[in-house]
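Coming up is one lone chain in structure tokens, specifically the form predicted on its own.
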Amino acid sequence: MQEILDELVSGMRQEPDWGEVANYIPELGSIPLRQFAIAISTPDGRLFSAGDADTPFSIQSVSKVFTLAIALGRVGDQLWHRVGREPSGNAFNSIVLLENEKGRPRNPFINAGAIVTTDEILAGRTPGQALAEIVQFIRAAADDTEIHINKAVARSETANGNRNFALAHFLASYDNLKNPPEMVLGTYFHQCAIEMTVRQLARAGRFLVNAQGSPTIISRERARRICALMMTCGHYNGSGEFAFQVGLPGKSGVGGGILAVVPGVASIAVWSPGLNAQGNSLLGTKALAQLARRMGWSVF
């Protein structure tokens, strides 16, 4: 395994195109482009990694996997009255889709759906309490207390989050927010600004592997459902292509991270900050496709 990962890193570093960083969030736009890391964690906690595996990065929308698990644990299937389970076929921050569907987001992984999920976690809590719960959940999943929120990234997102503010106010206009939009978005921006290394993220993803030895912080059935949504919705309007090329459930973030799951086998985290046209890590996707082919990993 280690030899394969080392070869993957060597190959990725020879790639001519590294994509483009998410410069619409200034704090992310300043990150050096030519970085790549990968880690694999088995259910029993063994860890293999290569590349810039000790470099922390902003997990951004990968956080939506963890907040979905928390919200489902809180209200169960009642969540689906507020958000759907279908692929969007649109960009992650589409306003048109939300308006057309009368304020019920298509799935919990597009921004509007994740804002609703965060709103559910906030019910009866202060933003500080909700964020403490999210960070603690991720720390427990990773078995690592050294996971924190990057406050500079959160400030940068808040200062440049006009599209997300528009989405939140659309949701509120359709009575699909229980809390004030500013409170929900403050929590949402900080949740997206959680920093992790690929080592930490791979370990945190083990609760979705559903194998003997993996953490059981949610039920097997719920882990299976979350993986299904990662497969169909985890890469926005690039989800079909990711499924075609990689064949595994995965959730991306504009910080360049991707969390992927090989059901029953392993959790994988990759990071390279350069994105493709759909806002997903360019080299991260390529590396996962190569790894899946070499290992014979696929849900199909």
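When you see a residue number, it is the position in the sequence shown, counting from 1. These numbers come from a predicted model, not from an experiment.
Note that the form predicted in complex with a small molecule isn't included here; everything after this is about it.
- Although the partner is absent from the chain shown here, Tyr24, Tyr188 and Cys192 each have a heavy atom within 4.5 Å of the small molecule in the predicted complex.
- The listed set Ser267, Thr67, Ser239, Ser61 contains one residue whose heavy atoms approach the small molecule in the predicted complex to within 4.5 Å, identified as Ser61.
- The single contact residue among Ser88, Asn164, Ser94, Ser156, judged by any heavy atom lying within 4.5 Å of the small molecule in the predicted complex, is Asn164.
- Exactly one of the stretches 143 to 151, 156 to 164, 210 to 218, 123 to 131 approaches the small molecule in the predicted complex with heavy atoms within 4.5 Å, and it is 156 to 164.
- Using a 4.5 angstroms limit between non-hydrogen atoms, Val254 touches the small molecule in the predicted complex.
- Taking non-hydrogen atoms only, Asn111 approaches the small molecule to within 4.5 angstroms in the predicted complex.
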